[in-house]
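First, one chain by itself in structure tokens, the form predicted on its own.
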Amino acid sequence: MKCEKNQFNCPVEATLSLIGGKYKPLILWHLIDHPLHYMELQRLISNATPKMLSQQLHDLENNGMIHREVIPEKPPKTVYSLTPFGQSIVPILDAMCQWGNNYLDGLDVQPPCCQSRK
């Protein structure tokens, strides 16, 4: 994604232009510790339709947040991983996870996934 110098009014707007989207933060979260195949991401983010997941992955790749590698097998496998630029968002994702855990604690809800990373 090419951005104009004066395109954004604030840094939060710039950040959201990269990671805003229904599933982009979840995709990035699941890729923190290791690369994943497309089908693994689809299983982890089961509410995303294949079309929506593919679009969000494509956007993240175009923005330089993730790397896509096609493994020439039969059938071909596609593996996604964080780029160094994508890894720079990990502290933000960790903060979002902690904030979400605190919010859910107040609701007395135990989330089945996205536990804080150690």
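Throughout, we count residues from 1 along the sequence that is shown. The model shown is predicted, which means the values in this text are computed figures rather than measured ones.
Just so it is clear, the following notes concern the form predicted together with the DNA, a form of the same protein that is not shown.
- A single residue from the set P72, P84, P50, P91 has any heavy atom within 4.5 angstroms of the DNA in the model of the complex; that residue is P50.
- Taken together, the three residues M39, Q56 and P76 all lie with some non-hydrogen atom within 4.5 angstroms of the DNA in the model of the complex.
- The closest heavy atom approach of W29 to the DNA in the model of the complex falls outside 4.5 Å.
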